[in-house]
Structures are given as structure tokens and as C-alpha cells.
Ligand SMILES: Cc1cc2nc3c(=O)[nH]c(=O)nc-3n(C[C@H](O)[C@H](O)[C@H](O)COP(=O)(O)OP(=O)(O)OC[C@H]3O[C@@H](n4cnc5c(N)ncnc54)[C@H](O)[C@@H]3O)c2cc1C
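Coming up is one lone chain in C-alpha cells, specifically the form predicted alone.
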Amino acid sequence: MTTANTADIVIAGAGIGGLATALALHAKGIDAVVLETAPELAPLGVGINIQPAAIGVLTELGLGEALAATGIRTREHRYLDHKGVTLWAEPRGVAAGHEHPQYSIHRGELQMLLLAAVRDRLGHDAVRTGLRVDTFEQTASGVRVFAHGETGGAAVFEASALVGADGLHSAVRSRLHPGRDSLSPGGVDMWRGVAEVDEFLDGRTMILANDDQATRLIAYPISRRHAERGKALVNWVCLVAAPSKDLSDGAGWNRPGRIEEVLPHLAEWDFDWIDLHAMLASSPRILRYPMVDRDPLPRWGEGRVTLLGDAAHLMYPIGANGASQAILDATALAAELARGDDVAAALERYEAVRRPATTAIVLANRNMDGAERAIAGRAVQDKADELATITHRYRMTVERRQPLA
């Protein structure tokens, strides 16, 4: 059975980008419906960072108190060697002069926070789960979106525009750019987990450590609630150089990992302020996947259809900017559509603002990854000097592409 629906804007995907877009559009007086493939949404995933400019957007959308009650205001990035020696440190968020903080937060909890806000403001049916966007067709006055349910049935939506915020495996992107779905492997395997410990430095510091084999470990607290009861919930990721894989069939993506795969890479690591191996081993679940991105597209959308977030600009997690850029996409899209003129023209302006900015960051993430790996084996002072240069160059690239918040 097929059901017909109408909406101002249809958003494919109820991830962070899709939900932020619904909230940003609503704030401009534009209704939206979000279609999500998963039959139900749950707080899945591990930790992420949201940068100050994106926190400024979420704060303007009325989510400042909820973020403060959930995440950690990251104060410092501290770069270490594998023996715990500090090589370089830089302030973050408010400590670095931004108006808004940088938050380290559990991805799933942020998604649930956004979901609750969307359903509270737009209505429960504003997010339709168990519906996968299959295809679409543009008409003289809008776009017709075809979706199907996992348990049978189909739905058709008539809308002014379609936004593909459906992530890594975007159906909207595949339709707009057939043959442009291939992933670019970074030659790095990643293991990620979350562990509860008694304390982690001052509770607001992220560590970024590396050894002479270019193995890297990033770790940071992500939970205000844990901090309030004297604990630290720490997100960690271990990055190890590995031969690039053929990912044409998605092999090896997001599969379960084992601590026995991780610890040999860190056998010589020793920090005097925490039992690093015990922390990692206490993680109830470990994920393993290759580090990938996609080559930037020469254009995102066509007519009344566009892309947003990972569907538009999948990037390495180096630099911690993926979710933040999706949120900035959302507010830019809403601002252009709110001007009230031709929808296709509004989407072109949105792309003109966001595509060059995100392309620069995709490439900057690649460059920073290569530069960080290249310093392996150098003397401590050489590493320290180079890290200062690498982080400054990256920060300047990002901040030139967005307002200082």
C-alpha cells in the first residue's frame, strides 16, 4: 500500500545533520519531515567533538542548557609521546578565546537530544522511522520522494525540496552522482571504544599521543553525568597504519573489534598517571573500521535536491569536524531557504557557501593526517615544533571557513 504525504522539506536521514536541519528550518518558520531507515532510534556510537561555531548554532536553537548537562567542555588538547611526555598543548573552546565552548559528547546522546527537540517542536510525526528513501523525481513545482518501509508498504512525499542527509551510504547521493560512491582509504585502521575510569587528568583535557611507528591514540572524557559522580567516561580511538583496502563492497566497515587486536600496538606505551592498557581493556564494546573519506564533489545538488553532512563531504575524523560541519550546513541551508525566493536558487546559494568550505576541510584533514604520521621517529623537540605548526595551519584553514564562535 502506498500513502501520499506533503511537506515543505523532506530530509533523508535522522542523524545529527538531518535533525539539526529540521530544527534550523523550524526556527525560520519552515516545516520539515525527516525520513529515517532505522525502525527506531537509539543512543548508539561513541564519542565525538562539536566545535565552537557549531555549538553557537545549537545554542541559538535553544539547546545550550541541554548540551551543558550532557557533554564535557573541553579545555585543552594535549599532545604526548608514547611515554606520556607532553610535546605540545593548546587551549580549546572558551579557553582559546571563543564565545562558545567545544563539547566532547557521546554521539548517541547528542542525537537523542536533537531528536527530542525536533519531536517537541515539530511534532512526533516529524521524524518517520522505518522509511528508507529509494528515489525521487523533480516536478514543475517541487520534488516527489519515494520511500519504502522495512516491513512493507511505501510512501510518497510531495515537497518543495529534498535534502540528502543520509550519511555514508546515501541513497540521495547515489541518485545524484551515480558512480561517485567509492571511498578513499586512508591507509589507517581504527579501533574505538568507551571506558569508565576513576579519573582522567582534569576531566576536561583531550590527549593526542603518538609513537615512533606512527601509531596514535586519542582519548577524552565525554559525559557530564559521569563527572558529577566522580567518574570519567572516556572515548578512545587507536589509529594504526595499515595497507589500504579495497572498500568497493564495504568490507571491514564498522565491524566488532577485539582488545587483543589493539594492545600489541601499544605494548611499549606507559603513562604514569593512568593504567592505559586496563582502561582500554575495560571497554564493553570495541569497534574497528578503516579510516576513509571521499574525494570532494564538483557539485552537490541539482534543482530542488541537495546534500548535507557526510552524504556531501565525508571526511577523516582527524580534526574532529565531521558533525560540526553538518550542523553548519544545516544553519546555512535554513538561512538561504528562509529568504523566500526560488527554492532551486536558494539551494545553489547554500552550496556556494558550504561546498568550498567543506572541501577545504576535507583536504586539510588529509594533510593533517599525513603530517602527524610523518613526524614519527623524530626527536622530542622536533615533534613539538612540528605539532605546533601542524595545529596552527589546520586551525587557520578551518577558522577562515567559518565565523569565530
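In this text, residue numbers run from 1 along the sequence as written. All figures in this text were calculated on a predicted structure; none of them were measured in a lab.
The same protein has a further form, the form predicted in complex with the named molecule, not shown here; the description that follows concerns it.
Contact with the named molecule in the model of the complex, defined as a heavy atom within 4.5 Å, holds for exactly one of R121, K231, R175, R132, namely R132. This chain is displayed alone, yet in the model of the complex one of I72, A165, M206, L162 has a heavy atom within 4.5 Å of the named molecule; that residue is A165. Contact with the named molecule in the model of the complex, defined as any heavy atom within 4.5 Å, is confined among 55-63, 347-355, 34-42, 370-378 to 34-42. Interface residue remark: I222 is not counted as part of the site for the named molecule in the model of the complex, having no heavy atom within 4.5 Å.
Residue contact check for N210: none of its heavy atoms lie within 4.5 Å of the named molecule in the model of the complex. Contact between V343 and the named molecule in the model of the complex is not found at the 4.5 Å heavy atom cutoff. Taking the partner from the other structure, the named molecule in the model of the complex has no heavy atom within 4.5 Å of any heavy atom of I9. Residues G45, V46, G47, I48 are the ones in 45-79 with at least one heavy atom within 4.5 Å of the named molecule in the model of the complex, listed in sequence order.
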